[in-house]
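Only one chain comes next, encoded as C-alpha cells, the form predicted alone.
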Amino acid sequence: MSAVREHPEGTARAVVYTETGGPDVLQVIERPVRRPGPGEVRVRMHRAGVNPTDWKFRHGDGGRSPVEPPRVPGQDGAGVVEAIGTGVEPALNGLRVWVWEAAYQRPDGTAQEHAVVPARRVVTLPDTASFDLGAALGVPFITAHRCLTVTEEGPRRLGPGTLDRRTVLVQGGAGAVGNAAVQLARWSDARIIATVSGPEKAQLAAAAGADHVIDYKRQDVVAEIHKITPRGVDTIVEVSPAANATIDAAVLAPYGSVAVYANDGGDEFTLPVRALMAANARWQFVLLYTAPPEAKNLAVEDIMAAIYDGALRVGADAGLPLHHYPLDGTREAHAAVQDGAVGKVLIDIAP
C-alpha cells in the first residue's frame, strides 16, 4: 500500500475507529486527502453502504482491542473517480462508479469523503443508475450471485433464461441478501419462493419479485412448498441454517444445493445424512471475502449486465426500503444494521 501523502486540497472528513467495540468507537475526523498509489483510484464518495460485516469487523470479539492503523469502515459505496494512480486506465478518471470489498484487509473503507481503493474494486455505474443503487450492490448482490450459482448442474452465470424451469427458495426474502437473490433470480427467469416472518416483509419479498411468499410464523413451510413444487426446490439461499436445516433437507430436489451465507440463529446444526445422500444434495458455505476470485469477477460482470437491463432496483417499491444517515450519523447507521433494520442503510456523503 502506498504511503500517506498530503494532497494540495488539504483535509477531508472520514469515519475511523482505533479500537474495536460498539458504535461509540466510531469518530468523524479530518485527515489529509491521500493521492492514489499504483493500481489505485481515489473516489469522491457520494454514498456508502452499511452491511452486517461492517459492524462485525468493528465489534471484533466484543472487547476493546487496539486497531492500528486506524480503520475507515465500509465495503460498499458509490461516487465519482477523481484521481488515478500509475497503471490505471486514464479513461476511468471522472466516471461514476460503484465500489465493492473496499475495506477487507485494508484500512480505507467507503465511509469517508475521499476513498482510495484498488482500481479492480471499482466498476462503472451507468448514468441511469442512482448512487443509492450503486452503494447497495457489493456485499448483498455478489453474495447472492454466488449463492445462486453453486448448484450441481449450474449455471455459473446469471442472466435471462439461465434459471428457467428451476425453483429457488430464498429463506429470509426481505433481508438485503435475500432481496438481491430474489431480484437476480427474477432476472434469470427462475420460479422464486421466499420465506418471511410477517405480512409487511411478505409485501417486500413480493415487491422484489418473489412468485410465492410463505410466512414461516403462520404457515407450514414444508407443506406449502410441496404444494407449489412436489419435486422440491433446486437452490436454497439460506440465512439461518440452525433454524431451517430440517426444512431445507425436506424440500430439496435431487441434485439441489443449499447455499449458507449467514449463521443467524446459531452456529451449529445437524443434517439427515442418508436423505441428502440419496438426493446427491450439496451444502455450500459462502463468504464473500474468501470466495473464489473468478466467482466474484463473474458476479460483478453479471450484476453490471443486470443494471444495464434495468433489472436491479432499490427502494420500498423494490422490496428494499432505504434508510439514509449523514456521515456524522455513522454511529446510528451501524447501530441500525446491528439492530436488524429491514432494508438498506446508506450513509449520505455528498448530494
Ligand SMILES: NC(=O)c1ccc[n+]([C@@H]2O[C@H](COP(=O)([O-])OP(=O)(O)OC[C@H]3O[C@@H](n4cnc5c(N)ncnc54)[C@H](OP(=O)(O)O)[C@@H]3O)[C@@H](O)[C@H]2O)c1
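Treat the numbers as computed from the prediction; the structure is a model and nothing was measured. Heads up: residue numbers just count along the shown sequence, starting at 1.
Not pictured, yet referred to below: the form predicted in complex with the ligand.
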Suppose contact means a heavy atom within 4.5 Å; in the predicted bound form, does that hold for all of Gln183, Ile192 and Val233 with the ligand? no
The listed residue (Thr151, Gln75, Gln171, Thr167) that reaches within 4.5 Å of the ligand in the predicted bound form by any heavy atom is Gln171
Identify which of Ala102, Leu163, Val177, Leu252 has a heavy atom within 4.5 Å of the ligand in the predicted bound form; exactly one of them does. Val177
Please identify, from 83 to 91, 104 to 112, 151 to 159, 255 to 263, the stretch that has a heavy atom within 4.5 Å of the ligand in the predicted bound form. 255 to 263
Residue-level question: is His323 within 4.5 Å of the ligand in the predicted bound form, judged on heavy atoms? no
Using 4.5 Å between non-hydrogen atoms, is Lys201 touching the ligand in the predicted bound form? yes
With the cut-off set at 4.5 Å between non-hydrogen atoms, does Leu137 touch the ligand in the predicted bound form? no
Contact label in the predicted bound form: Ile225 to the ligand, heavy atom within 4.5 Å: no
Could you list the residues in 226 to 245 that come within 4.5 Å of the ligand in the predicted bound form, counting only heavy atoms and keeping sequence order? Val239, Ser240, Ala243, Asn244
